[in-house]
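To begin, one chain is listed below as structure tokens, in the form predicted alone.
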Amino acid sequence: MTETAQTPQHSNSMPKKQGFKEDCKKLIAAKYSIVAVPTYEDERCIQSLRELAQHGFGQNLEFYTWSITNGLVSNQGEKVPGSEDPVHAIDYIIKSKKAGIYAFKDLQKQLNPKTIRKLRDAYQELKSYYKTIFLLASETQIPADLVKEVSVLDFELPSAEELERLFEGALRNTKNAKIELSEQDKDDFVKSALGLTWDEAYHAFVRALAGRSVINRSALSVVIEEKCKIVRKEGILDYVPVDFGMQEIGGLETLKKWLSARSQFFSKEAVSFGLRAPKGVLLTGISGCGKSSCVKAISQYWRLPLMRLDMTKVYGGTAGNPEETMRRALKTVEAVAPVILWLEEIEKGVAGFNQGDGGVTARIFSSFLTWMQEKKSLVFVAATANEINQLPPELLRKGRFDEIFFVDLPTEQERTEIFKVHIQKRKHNPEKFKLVDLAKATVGFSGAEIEQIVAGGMFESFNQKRQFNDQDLYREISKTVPLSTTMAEQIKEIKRWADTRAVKAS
């Protein structure tokens, strides 16, 4: 067979743009015969390939799509008779004299020995010509017989710039509505839609804006809800709704300052400045001192959804093979990025690794470490640990987490703030209480213990049908034996470990 079409040349009139189209150009120019593209957005991918065929080179390339229902269809809508049979369609491509791009939908699901053989024939026949077959499917399922012949190219989900244009278009189409959105609010809408397909983002934006007389920040919850639907389908990750902020956590000023300095890591200015998104933070310390609350508050502070990975579901086998379950969980959380991934009591998730079980735990832990080191998506890992000495050193070395914070028992000033927060949160006026005296009476108490003191005191006053006062709190204090007393030796050991290995959150 002789090639009658001219060699495709990059068009000088087209601006050079990195991404899927640019990668496709290089593959076509290098005469790659078969390329698999894993994507749920086959129509959007086909549109990109069509534009490449029409404008990506010095001359137009032939462009065909194939499906089991319609067979080969040209860009002008002409069908190739009998091409519903994939073998016939591939044979037509081999015999064609023109350079071209051919997008096949879900061919992997139609593969049988005859079709596989024909694809291998096509690989040999087409590698001397500028004709490339693109195999589009939701998952890359390449048979062992085709592994050497098929290249794989990712088709990315919509970028922030694309979603920004989509959101602005949705705003323009909103009629008779007052728009009360700051530039930060608009950025948050775009950020919340990252990880959705084009259609998912479009429907999320339309749902969020439809039927509102005033469009403000409250509409953002609809977009986040779309992400939650994706997570719920997998059944491994839990979406954690957060209804309080960092201001409701007493103390921990060092941690708050660290988070504040990184609160704009996603902004355009930060990207232009060359900043990279932080990888994660490990919060360790004494049980009941607010580590879990801090993770939730980070979500609110950074305006990012919070997803919790339950390691018991991973190891329990209810969702399938543990290693495959972990892989799916990480893939899912990357798909909905930017997001905060919460690993609660992470030491339980790697229990057994220190004993060198060399089995499932070791392999899952190793794959998780590799993922943390190499992940490119905006997934911020927030891990909490009560028994930090149970964690392997591989997890604690610099580069895994940006910082390790030790959350100690609250100081007197922090206990004052904690009393104020919990009294105010329960619809009482903290100015009517002697907060400083209460703080002095609770030396060695954790934040969780103070919260229960406030809750217990309120029950007592409510049952007696009188005003909630200081005496109710002192009564609860006298009945409470703090954890710092019952577990004094263990807490002393934790503090000794943290003195040289972690940054104090307060």
Ligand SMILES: Nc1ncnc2c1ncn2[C@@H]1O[C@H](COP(=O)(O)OP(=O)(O)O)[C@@H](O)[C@H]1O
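Sequential numbering from 1, following the sequence displayed. Worth saying up front: this structure is predicted, and the values here are computed from it rather than measured.
Omitted here: the form predicted in complex with the ligand. The next part is about that form.
- This chain appears without its partner; in the predicted bound form, the one residue of 305, 100, 158, 290 with a heavy atom within 4.5 Å of the ligand is 290.
- Only one of 422, 313, 118, 279 lies close to the ligand in the predicted bound form, with a heavy atom inside 4.5 Å, and it is 422.
- Taken together, the three residues 200, 226 and 336 all stay farther than 4.5 Å from the ligand in the predicted bound form, as judged by their closest heavy atom.
- With the partner left out here, the ligand still marks one of 441-449, 56-64, 36-44, 469-477 in the predicted bound form; by a 4.5 Å heavy atom cut-off that stretch is 441-449.
- Looking at residue 248, you'd find a heavy atom of it within 4.5 angstroms of the ligand in the predicted bound form.
- Contact between residue 237 and the ligand in the predicted bound form is not found at the 4.5 Å heavy atom cutoff.
- Contact between residue 193 and the ligand in the predicted bound form is not found at the 4.5 Å heavy atom cutoff.
- Though the partner is left out of this view, residue 255 does not reach within 4.5 Å of the ligand in the predicted bound form, counting heavy atoms only.
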